[in-house]
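Next up: just one chain, as structure tokens, the form predicted alone.
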């Protein structure tokens, strides 16, 4: 089987930066495959990875701290280009005899980058609009986040850029094979940062860009056919993006050998169950077994108000229902999961103190071992944005692919306190109105996550000529790039007013609507 999409690889060594996964995503955006590994990766493993280039992530420590991670000589022995970001730049400078010291002008946040246009640079696309002229038309803002800086260059290096406060902001070896930047090009706060990473990957490392959605699909189809043979595969279909794309890939690969089990737990959004069946069973011809399990889930949740207990009950009940249905399918040897790359990174967290931790949800966690099935994970190398690209390339509806994240426990964690059918029905209808208005106004795709929350408290209102005593709905909408931090979305007041009026007028039982303006931190995106 051809594996051309992995012929070009960039190795990212994690030194504890909160932005490490963003580096990998930027490399992938340049259509080059990348993997994140702990900085403790052995010399043999580094050599076996055979990368076209290496990126050293930032980190919160100083190179002079006791026990601070050092640069593995095996990286330099590869003879490939190396990009050091922040802490990674300090490692390169110190390794070759430079001096790194704490700065009297510590820079956290935005800084202006200054570059001498006469100085050659390995990052032409990034630096093309930057100069030392005070009246330059395109000032380049970059994101700094470290107290140390390089005060003396190694003899074999030259300065590529300064910040406006005089700190060395970028360095490079005379042959341009080793480069370092004091700032973080991977974050959105750095203007044209993606161009710097693209320059490194394409220009310095010589990568052509083989990592594409089409290439991923072709490889995973071939791999699934090779692994599965004539066996049967079971997949837990949730309606979310990951399981949907997994189903589409496997259906194209093995057709009738795939059976999806869709557990309708009574905690889905309005008409979601019917939409899932229409998309997969009717339009794509996927074999889907729909299990109506609302009563079973709600009965187990009766009287439970603790969020963590609710999550566990929903998860365990899902496993029970799924396992019962799976036993009815003869010849099944494989269990497919929509595991994506951030889940893989999270699993590595137990092995490395500096591995990136990303929140994830496994719909069928624990089932492969329990049921004695082999695991099939066609998305395990992909970030969420790549999963969406693959889904679109497979022909899945754009509205499904670009849908905001939905928690595994569904409305169970968007109903505060005890979960009741009455509450779920009210929330479903209110949330549907909210989504309808966001779509029609063009604000849905301007937000990164939006949803309604049911508050099990009543307030006094006036409906017509009478007094009402009904429940409260809270609306939530946030802007975020990585879901680790989030800012509330500044929804237009006129739009909020229209949404509130519709919910109160059309959903009997709701007489008050509020808007959540809490950012993360201190709050979380979901309420539970």
Ligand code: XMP
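Positions refer to the first chain, counted from 1. Just so it is clear, the structure is predicted and the values come from calculations on it, not from any experiment. Note that the rigid core is defined as the largest set of C-alphas that superpose within 1.5 Å between two forms.
This protein has a second form, the form predicted together with this ligand, left out of what is shown; the following refers to that one.
Enquirer: With the partner left out here, check for me: in the predicted complex, does some heavy atom of residue 307 sit within 4.5 Å of this ligand?
Expert: Heavy-atom contact with this ligand at 4.5 Å: absent for residue 307.
Enquirer: Check whether residue 449 has any heavy atom within 4.5 Å of a heavy atom of this ligand in the predicted complex, and answer yes or no.
Expert: So residue 449 counts as contacting this ligand.
Enquirer: Is residue 406 one of the residues lying within 4.5 Å of this ligand in the predicted complex, judged by heavy atom distances?
Expert: Taking the distances in the predicted complex, the answer for residue 406 is yes, it comes within 4.5 Å of this ligand.
Enquirer: I'd like to check something about residue 380: if you look in the predicted complex, is any of its heavy atoms closer than or equal to 4.5 Å to a heavy atom of this ligand?
Expert: No, residue 380 stays farther than 4.5 Å from this ligand in the predicted complex.
Enquirer: Counting non-hydrogen atoms within 4.5 angstroms of this ligand in the predicted complex, say which of 428, 420, 177, 311 makes the cut.
Expert: In short, 311.
Enquirer: Have a look at 471, 488, 483, 49 for me and say which one sits with a heavy atom within 4.5 Å of this ligand in the predicted complex.
Expert: The residue in contact is 483.
Enquirer: Counting only non-hydrogen atoms, choose the one of 191 to 199, 218 to 226, 406 to 414, 143 to 151 that falls within 4.5 Å of this ligand in the predicted complex.
Expert: Selected stretch: 406 to 414.
Enquirer: Any residue of 493 to 528 with a heavy atom within 4.5 Å of this ligand in the predicted complex counts; write them all down in order.
Expert: Going through 493 to 528 in order - heavy atoms within 4.5 Å of this ligand in the predicted complex - the hits are 520, 524, 525, 526.
Enquirer: Superposing on the rigid core, is the CA of residue 26 displaced by 2 Å or more between this form and the one not shown?
Expert: Comparing the forms between this form and the one not shown, which are aligned on their rigid core, residue 26 does not shift its C-alpha by 2 Å or more.
Enquirer: Fitting the rigid core first, would the Cα of residue 476 be found 2 Å or more away between this form and the one not shown?
Expert: After core superposition, the C-alpha of residue 476 moves 2 Å or more between this form and the one not shown.
Enquirer: Superposing on the rigid core, is the CA of residue 9 displaced by 2 Å or more between this form and the one not shown?
Expert: No, its C-alpha moves less than 2 Å.
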